[in-house]
Ligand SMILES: Cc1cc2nc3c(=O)[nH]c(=O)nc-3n(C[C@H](O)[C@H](O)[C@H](O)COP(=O)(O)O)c2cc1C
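Shown here is one chain on its own, the form predicted alone, set out as structure tokens.
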Amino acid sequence: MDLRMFVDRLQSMGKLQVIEREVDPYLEMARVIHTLGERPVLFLCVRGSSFPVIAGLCSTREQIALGLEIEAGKLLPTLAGALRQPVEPQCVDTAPCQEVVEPDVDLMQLPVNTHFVEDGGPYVTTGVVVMGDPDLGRNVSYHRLQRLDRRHFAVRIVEGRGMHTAWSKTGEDLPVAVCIGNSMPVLLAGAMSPAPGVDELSIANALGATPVVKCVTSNLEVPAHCEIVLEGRLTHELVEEGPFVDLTETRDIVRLQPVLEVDCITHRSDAIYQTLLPGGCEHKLLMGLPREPSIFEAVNEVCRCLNVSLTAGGGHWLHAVVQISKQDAVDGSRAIGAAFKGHSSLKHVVVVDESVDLFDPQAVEWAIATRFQADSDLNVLHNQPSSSLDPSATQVPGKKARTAKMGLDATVKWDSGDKQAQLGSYEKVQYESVELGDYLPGPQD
């Protein structure tokens, strides 16, 4: 199911808001999306552009599951399965994304949003970038793109990640292709961090059929059914990029970042431009949800992991709750260490038992209150690689951010004695219900 099929599905279900009046991509559109609570919205008339704009497609777990045609409860095992068993996509000769080829590049025709007055400029926020690493092959990842002029973007590339590694290997321009308006499988796979050399488009193809087509100006292959493709080169020219609001709803700092020069634009004849709100629910879920299977797989290597939730309060990025079936007294501590390996940007993690609803913040806090002792169940790691999105981390330009990390083992405790008897003291009591009609007066005559 490609993007437009998903839009049609939402509209048939009455879940799509359509706005026909003209809306300005400078500040106004972002404010409308926010006021709508980020529910799916299609803007048909956009000032300065002929492209309609879609937003809000990934703002809930239920919608993401709908885009994969599965139940919400099956998201994690589905994503984990695709990460574990990628399927190489078919390469086709012709594709909808190349119905129109525009060698005369004009990025000003795209309805790129400026979200806040303080932003460094208009930003592409859903750009899934395809590039080829000289040693590891194809890599697919998200990068925010600050529009500079008719042919150029400033691109934020995170130090030590795939794009930065490939770009650093060569003194020449690195061919890239920015894909906008993608299917749910591509949107999710692009946010995953598989092992080096594992192709994200093969992960997408395992989630749902994702044929690819060769670019017009390079040998890169892109999703055949995406809406818009910007083919170009990541140069070694550096410019100031930012400020930009990121996952934590704080402004990321201004850095010197490389310039992307666009050589060609291809798109569907009736292409739809996709956007999302920086720091909004859609941004957080789309970036964070695909990291849950990475944590799940890592924890399962050391103990039995049942579920993982990157929490809203942590921007679906910095905080996680990991649910395990505890078989050994040290499983909680093992899970903490593995969770940090599964998602290197993770800052704080809480480990709970199967009896605790990891999606309920009150239940997680209850587990901490009743099952956690700071002098024995707290794991603190000092001076660890961190996320540049954390404003409290140590930020040095050109280097990976550093931070302290904390893990809380909020699982039930037992020693070598009678395990079942000890576990009983941790159980939450449950009242039995009664039929209230037996106690309350009925309607008065």
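A residue's number is simply how far along the shown sequence it sits, counting from 1. The shown structure was predicted, so the numbers you read here are calculated from the model rather than taken from an experiment.
Separately, the form predicted together with the named molecule exists; it is not shown, and the next lines address it.
When contacts are defined as a non-hydrogen atom within 4.5 Å, all of Ile157, Gly190 and Arg291 contact the named molecule in the predicted complex. In the predicted complex, the named molecule sits within 4.5 Å of a heavy atom of Leu276. Trp167 falls outside the set of residues with a heavy atom inside 4.5 Å of the named molecule in the predicted complex. Contact check for Pro194: a non-hydrogen atom falls within 4.5 Å of the named molecule in the predicted complex. Though the partner is left out of this view, Arg161 does reach within 4.5 Å of the named molecule in the predicted complex, counting heavy atoms only. Residue heavy atoms within 4.5 Å of the named molecule in the predicted complex occur in exactly one stretch of 300-308, 136-144, 346-354, 172-180, and that stretch is 136-144. With the partner omitted here, the residue from Val321, Ala206, Val130, Met287 that has a non-hydrogen atom within 4.5 angstroms of the named molecule in the predicted complex is Met287.
For the options His115, His283, His267, His225, the residue carrying a heavy atom within 4.5 angstroms of the named molecule in the predicted complex is His283.
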